[in-house]
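What follows is one chain in structure tokens, specifically the form predicted on its own.
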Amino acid sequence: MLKNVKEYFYPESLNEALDLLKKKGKSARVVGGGLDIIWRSPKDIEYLIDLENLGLSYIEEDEENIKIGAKTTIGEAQKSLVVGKLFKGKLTEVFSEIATPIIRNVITFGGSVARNYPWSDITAILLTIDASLVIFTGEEKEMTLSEFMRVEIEEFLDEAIIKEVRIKKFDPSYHFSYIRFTRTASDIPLLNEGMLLKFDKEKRVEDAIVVIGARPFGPTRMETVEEFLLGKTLTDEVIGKAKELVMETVKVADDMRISGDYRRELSGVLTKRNLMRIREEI
């Protein structure tokens, strides 16, 4: 338990929350859903700054983006009609496969991104669909998730608060597929792979994002495979070659759950399945 916590704050504005965060330094932690704090119970935390009163639980849309507040839970996104319009409901489907209903009602988008656990399905999914973050540092700044994952996140968030996740409203030429491989339905993934492909009128790949995570390292784009897919139609030969390329280039390792060799074989299987799923749609 958090026996060392001295004060629990409910700031009324992002400016107040940020001031508290800067003042209390590394002895403070921002609370989104709180799951990570309950699970890890860090002993060095003395101050908790809860974002409950800041109105950051929302899902909105404008002409270009779907905007998801940092305190929005995965369960809320799963039920959202706005999110359900993307990729013919496939984003909703993958959200519904993560963990259990009870946990999905606690996991927040902001918390998932801030903790950046290597096995996180949320970061792998958001990286696949090229999501952006709105960061509050005294003023609002938008940065892609790719940019965010290249900074020293813990140090960066000593003086910044994640306000919002933004997802582009992709047109029907984009197709999304995501597969998580787990020991049980509610377990963390042993490997996951997301794929976003854009096709032209001749069904040739015009743009490609391929992401593999839980390697057991964090999610990463498979740029060699992305480049290979450009300009090609998804024939059996192309799918087979893409599978081989992933297995040749993916960086995996052993952990207590499975071996790196198994992960490498699995990466090829997931690639083939994702490409075949997308081929059936176009």
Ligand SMILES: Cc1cc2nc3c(=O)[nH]c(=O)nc-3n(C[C@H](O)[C@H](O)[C@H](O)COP(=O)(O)OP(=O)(O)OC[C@H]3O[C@@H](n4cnc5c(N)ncnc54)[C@H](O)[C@@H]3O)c2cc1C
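Predicted model, so just to flag it, every value in this text is computed and none were measured. A residue's number is simply how far along the shown sequence it sits, counting from 1.
Quick note: we don't show the form predicted in complex with the ligand, though the next part is all about it.
- Using a 4.5 angstroms limit between non-hydrogen atoms, G75 is distant from the ligand in the predicted complex.
- Proximity of K67 to the ligand in the predicted complex: non-hydrogen atoms within 4.5 Å are absent; the residue sits far from the partner.
- By the criterion of a heavy atom within 4.5 Å, R166 is excluded from the residues contacting the ligand in the predicted complex.
- For the chain shown alone, E226 is not a contact residue for the ligand in the predicted complex, no non-hydrogen atom being within 4.5 angstroms.
- Only one segment in the set 193-201, 206-214, 75-83, 157-165 has residues whose heavy atoms sit within 4.5 Å of the ligand in the predicted complex; it is 157-165.
- In terms of contact with the ligand in the predicted complex, the residue from V30, M222, L245, L234 that brings a heavy atom within 4.5 Å is V30.
- Along 209-247, no residue reaches a heavy atom to within 4.5 Å of the ligand in the predicted complex.
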